[in-house]
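Consider the single chain below, provided in C-alpha cells and representing the form predicted on its own.
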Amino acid sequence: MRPAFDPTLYLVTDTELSRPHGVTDVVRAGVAGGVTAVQVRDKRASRRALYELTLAVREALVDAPHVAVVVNDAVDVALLAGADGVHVGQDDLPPAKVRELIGPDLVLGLSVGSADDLRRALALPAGTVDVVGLSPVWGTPTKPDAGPGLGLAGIAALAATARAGGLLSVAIGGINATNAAAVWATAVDGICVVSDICAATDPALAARRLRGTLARRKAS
C-alpha cells in the first residue's frame, strides 16, 4: 500500500542554499510552517552522502509521519534509506523499470517538460507513475538545465491532461510567495519550492506565507 502523499507544498532540498541552517533544520522548520512533502535532492552529493542525508531528514520528521520523504534520482538510496518514494527525470532510469525496482508500495514521481513527455507517461501501465513534476514554470538558477519555461498557460494545460489521465501534478521552477497563487490557480495538485524556503532567514515563516497564499487562493 502506497503512503499517503500530499503534494500541496512540496519542499525540494538544496544543501548549499540551506546553509547556515542545514538541510534537516530547514526541513523541520518548513514542515512546522506547512510543508506537506519533502524531496531530498543534492546533485553534488555522493551516494553515501545522499543516503546519510536522507536518513537525517527522515529522523528529523519522525514526529511528522504524514509528510512523505522522496529521494531525487537515486533509486538505490530511496530503497536503502526507507524513503516513501523516488522522483526521476527524463534522463534517468525508465519509469517502468523503476517501478519494478521499488515495488508497488512507494510513490514514483516523474519530471515532465512537454506535452510529449506527458503523453509517454500516460501511456505507461496504470500505477507506474503517481505524480508528474511539471517543469519549469519559469527559469530558475537552482536548475539551469531545466529547459525553457512552460509559463502558466503551459502548466495549466499539462495539469489538466495529467488529471484526466489519473495522475497528480506539481509545478516547479521559479515559484515563490509572490507568484505561488498564480501557479496554484492553474489547478496543479501542488507547488514545489526550493530557494524560497531553503534560502529563507526563517524557513518556517516562509513556508507559512506560502501556505497562506495557497489557502487564500483556494478560498476565493
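Because the structure is predicted, anything quoted here is derived from the model rather than measured. Residue numbers here begin at 1 and follow the sequence given.
Keep in mind that the form predicted together with another copy of the chain is missing from the display, and what follows is about it.
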| query | finding |
| --- | --- |
| Stretch in contact, per heavy atom within 4.5 angstroms of another copy of the chain in the predicted complex, of 170-178, 30-38, 59-67, 45-53 | 45-53 |
| Another copy of the chain contact at A115 in the predicted complex, heavy atom, 4.5 Å | no |
| Contact label in the predicted complex: V75 to another copy of the chain, heavy atom within 4.5 Å | yes |
| Any non-hydrogen atom of R119 within 4.5 angstroms of another copy of the chain in the predicted complex | no |
| 4.5 Å heavy atom contact, L108 to another copy of the chain in the predicted complex | no |
| Any residue of 82-99 that, in the predicted complex, places a heavy atom within 4.5 Å of another copy of the chain | Q90, D91, D92, L93, P94, P95, K97, V98 |
